[in-house]
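Only one chain is given next, in structure tokens, and it is the form predicted alone.
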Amino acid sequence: MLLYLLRRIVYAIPIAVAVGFVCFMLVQIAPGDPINAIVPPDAPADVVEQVRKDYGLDKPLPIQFGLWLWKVCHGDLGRSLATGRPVWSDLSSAIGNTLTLAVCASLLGFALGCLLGGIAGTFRGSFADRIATTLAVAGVSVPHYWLGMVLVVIFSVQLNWLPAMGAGPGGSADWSWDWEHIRHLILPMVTLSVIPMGIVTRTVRGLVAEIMNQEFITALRAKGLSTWTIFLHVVKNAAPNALAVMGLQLGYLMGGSILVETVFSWPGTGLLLNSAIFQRDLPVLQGTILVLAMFFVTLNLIVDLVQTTLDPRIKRA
């Protein structure tokens, strides 16, 4: 296990460097001048050049990338061009809020997906199977930002049951586990859980259907084992792949929640990225994208280790 862990970490290092390079270049080639976020449009040319020099934007791109990567390796993501604050000070609270939303949405989607997928895979061709399959297809087909707006109209505007914006009372960005804050979490969590619910449902249905057709299930039934014992064997065989799908979905939700967070004004990385894009704030864009990408790489590593622990066949391979 230790050798496998070391090998996976070594593989992750070039991936991390490549991700950092792609993040840097994608932001650099985007249209617009980041200096416009700092100086007024009628600023003299010498002032603009001096500001560009102060932020190191006058250097060639390879040198800019090298300096940026060196600072990142020392934990310095730079300063925001729009606010002047360190990027990490804004990013730390945003990551916490996004992680809270993504984890809750992943758990909800995983629980519903396993339930629906397990029922559909066990009773293939039944009415319950058709209902679960329909919900799964709808979950991956409906745009989540549109669903979020529909939920806001129904539960916030018409019924006035749940708040529509912010992470806490008064638009607070500080999260705490009390009922007032949880009420703000419900709508974005449900909206964000729909896609992983559909994907997990289809995955678990296929896994359960395949396992139920295998010979060892027939042998277990022939031995007279109870339905619960057979169910535990099915779960044990389906768990590694199902957990891998859940881990990937959590990574996707961390990086793909920008539209949902914008709809609900949820103070996470998605909303931070949205404002940084319009303000052409390069340090915030680069730092946020890099941290989210590194989170995804780390999550993949954790999923690989969990799969190896649960499935001895991977370890032997």
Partner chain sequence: MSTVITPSAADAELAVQAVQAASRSEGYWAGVWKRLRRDPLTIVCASILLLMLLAMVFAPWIAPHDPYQGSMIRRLKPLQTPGYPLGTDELGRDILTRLLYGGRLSWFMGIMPVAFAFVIGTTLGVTAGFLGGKVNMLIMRTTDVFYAFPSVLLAVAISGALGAGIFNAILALTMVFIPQIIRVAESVTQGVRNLDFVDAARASGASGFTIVRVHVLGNVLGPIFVYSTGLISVCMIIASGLSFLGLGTKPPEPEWGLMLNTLRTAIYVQPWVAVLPGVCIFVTSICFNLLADGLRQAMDVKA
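Positions refer to the first chain, counted from 1. Fair warning: this is a prediction, and the values are worked out from it, not measured in the lab.
What follows is about the form predicted in complex with its partner chain, which we do not show.
Although the partner is absent here, residue 278 sits close enough that one of its heavy atoms falls within 4.5 Å of its partner chain in the predicted bound form. Contact annotation for residue 88: none of its heavy atoms lies within 4.5 Å of its partner chain in the predicted bound form. At a distance threshold of 4.5 angstroms between non-hydrogen atoms, residue 146 is in contact with its partner chain in the predicted bound form.
Under a 4.5 angstroms non-hydrogen atom cutoff, its partner chain in the predicted bound form lacks residue 219 among its neighbouring residues. Listed residues 119, 238, 164, 94 were compared with its partner chain in the predicted bound form; 164 is the one with a heavy atom within 4.5 Å. Note on the partner interface in the predicted bound form: the residue among 230, 137, 103, 186 having a heavy atom within 4.5 angstroms of its partner chain is 137.
Remark: of stretches 230-238, 69-77, 109-117, 151-159, the one touching its partner chain in the predicted bound form is 151-159 (heavy atom within 4.5 Å). Site residues 99, 272 and 299 are none of them in contact with its partner chain in the predicted bound form, judged by any heavy atom within 4.5 Å.
Applying a 4.5 Å heavy atom cutoff to its partner chain in the predicted bound form picks out 202 as the lone residue from 198-232.
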